[in-house]
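There is one chain below, alone, in structure tokens, taken in the form predicted alone.
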């Protein structure tokens, strides 16, 4: 009993509280990235390896628009719209002709697109990291730390965007079409739903969400041509753990994994804490391949 009390006494509760806030904030950004990815997979059965580069491209467009207009919010809006239009064009040109073929062809196609976008960003902007200035710079006292208000703002904005997506899927006409195409693509097309254009719209929405994530997260890190790699890797882990094509599961998995990494970083370095997400991925594939947050059929 005394040994258990000693263990509880040794827990740094102040650090746990701070890391809980950090984990939720990071989890909401990761949920925003993963929501677009899981939406594309759930509707189109396409594993989009270019998702990280759309995240990166949104951040770079945010840098350019912010430097031109001086408005962070305008940069967020324009970057989201431009990358959404680019996503629609990519789907029409590269993925629509591949529908019905071996899934490996779409994987190779999106991987090729990711290489093109990454090398274009390197050629256009160079290897030096760019910075996006956050719209608010204040902070508040969180125990012994000055915690920035902007971190809470991006968590709230991410939650708002995901909430708007849920409302759109639940009540919007296109949202109803999207849910119909998810359940039975052939029947939806027989009922007059323009499934090819639904696919284009879904890809555009997913690309726009990735771009918004890039702009929101840009002030916290340097914007580089390779910044999307780590995020898309984590997003794929979230999609698998949350359940392929399960939007609610992806959100829960994003927060869950981010909290685990945040707690692990109390005792080990952040670079070592990343291993936790891979352990969760392996255990999910071994124990519950359909996803940890998918409801069990009755």
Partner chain sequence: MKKRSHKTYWIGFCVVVALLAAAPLALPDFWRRFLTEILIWGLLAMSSDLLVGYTGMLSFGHSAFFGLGMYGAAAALLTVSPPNLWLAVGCGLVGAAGVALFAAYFSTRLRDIYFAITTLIFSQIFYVIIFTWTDVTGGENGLTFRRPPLSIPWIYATPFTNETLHWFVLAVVTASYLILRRITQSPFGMVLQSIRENENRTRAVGYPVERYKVVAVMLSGLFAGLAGVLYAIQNRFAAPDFVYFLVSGETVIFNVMGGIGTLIGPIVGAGFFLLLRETLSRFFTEYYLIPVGMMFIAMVIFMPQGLLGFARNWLNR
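Positions refer to the first chain, counted from 1. Just so it is clear, the structure is predicted and the values come from calculations on it, not from any experiment.
Separately, the form predicted in complex with its partner chain exists; it is not shown, and the next lines address it.
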(message) Going by heavy atom distances of 4.5 angstroms or less, which of 81, 169, 145, 98 would be at the interface with its partner chain in the predicted complex?
(response) 98
(request) Sort through 222, 138, 163, 103 and report the residue having a heavy atom within 4.5 Å of its partner chain in the predicted complex. (result) 103
(message) Although the partner isn't part of this model, could you tell me whether residue 16 comes within 4.5 Å of its partner chain in the predicted complex, counting any heavy atom of the residue?
(response) no
(message) Given that its partner chain is not shown alongside this chain, does residue 112 nevertheless sit within 4.5 Å of it in the predicted complex, heavy atom to heavy atom?
(response) yes
(message) When the contact criterion is heavy atoms within 4.5 Å, does residue 73 count as touching its partner chain in the predicted complex?
(response) no
(request) Report whether the minimum heavy atom distance between residue 271 and its partner chain in the predicted complex is within 4.5 Å. (result) yes
(request) Have a look at 207-215, 150-158, 129-137, 88-96 and name the one stretch with heavy atoms inside 4.5 Å of its partner chain in the predicted complex. (result) 88-96
(message) Is it true that 50, 255 and 263, all three, sit within 4.5 Å of its partner chain in the predicted complex, judged by heavy atoms?
(response) no
(request) Heavy atoms within 4.5 Å of its partner chain in the predicted complex is the criterion; list the residues of 260-291 that meet it. (result) 271, 272, 275, 278, 281, 282, 285, 286, 289
